[in-house]
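One chain comes next, on its own, written out as structure tokens in the form predicted on its own.
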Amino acid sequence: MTANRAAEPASGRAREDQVRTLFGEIAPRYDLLNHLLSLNVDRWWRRRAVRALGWETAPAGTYLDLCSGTFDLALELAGRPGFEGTVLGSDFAFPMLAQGLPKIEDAPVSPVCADTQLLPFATSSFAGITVGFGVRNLSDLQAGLCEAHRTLQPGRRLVVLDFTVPPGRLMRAAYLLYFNHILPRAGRLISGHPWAYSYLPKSVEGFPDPPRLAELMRDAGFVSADWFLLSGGIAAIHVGVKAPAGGPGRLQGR
């Protein structure tokens, strides 16, 4: 199979195998490439995602970071001043979790190898759920959103951080030039992987735009789903709220 064909996002079980293989193979250089290819702006995006979670209303709660990879987003939450809880970092690509283990030795973060589309957790387990750059890779996006809703406590938030295509004409042109031409070449050179960083722009291209993703979150049961754009629309943060016990409403304590 050619590199270009391998980079085309598959569907169903083939997508699961494709994503597991991809992230297993790039795990050793994943962190380096993330920060280098985003010019470190991904760190700021993660801080914004944690800020949107509203964890301050339950600082000793148990939180879940889905598609956690090497735990960057989980650690961003666990390292906030005043945070006294626990974060479970869940991912179905074991090599990514293994690569990140040294980073969580002294942090209240525990690894879990699990599929986001079929989580091994009880209903209403978590005070908040985050997912950074992960739902785009799910073979069944709606199943993943429904599982997040199921395992979230009433009145709490799901925060989704992911790439999107900028709405502005000039920003979109610059973004597509970088994403479709510069990033794949740089990623291939640094990672040594023939198609991983060609898969990335193709997966973003086929991912629902912010209004559609918000609609899918509401379809999964969230009583509200809002979003805001980052860095001119290169990325977006979606915030979904599960209805409080006893009826629709807002985040508890906020």
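These numbers come from a predicted model, not from an experiment. So that there is no doubt, residue numbering starts at 1 and follows the sequence shown.
The protein also exists as the form predicted together with a small molecule; that form is not presented, and the subsequent description refers to it.
- By the criterion of a heavy atom within 4.5 Å, Met96 is counted among the residues contacting the small molecule in the model of the complex.
- In the model of the complex, the small molecule lies farther than 4.5 Å from every heavy atom of Ala236.
- Not displayed here, the small molecule is approached by Cys67 to within 4.5 Å at the level of heavy atoms in the model of the complex.
- The shortest heavy atom separation between Pro166 and the small molecule in the model of the complex exceeds 4.5 Å.
- This chain is displayed without the small molecule, yet in the model of the complex the stretch 126-134 from 77-85, 176-184, 126-134, 147-155 comes within 4.5 Å of it by heavy atoms.
- Residue-level contacts in the model of the complex: of Met171, Ala107, Leu141, Ala114, one residue has a heavy atom within 4.5 Å of the small molecule, and it is Ala114.
- This chain is drawn without the small molecule; in the model of the complex, the residue among Trp195, Phe222, Trp55, Tyr30 with a heavy atom within 4.5 Å of it is Tyr30.
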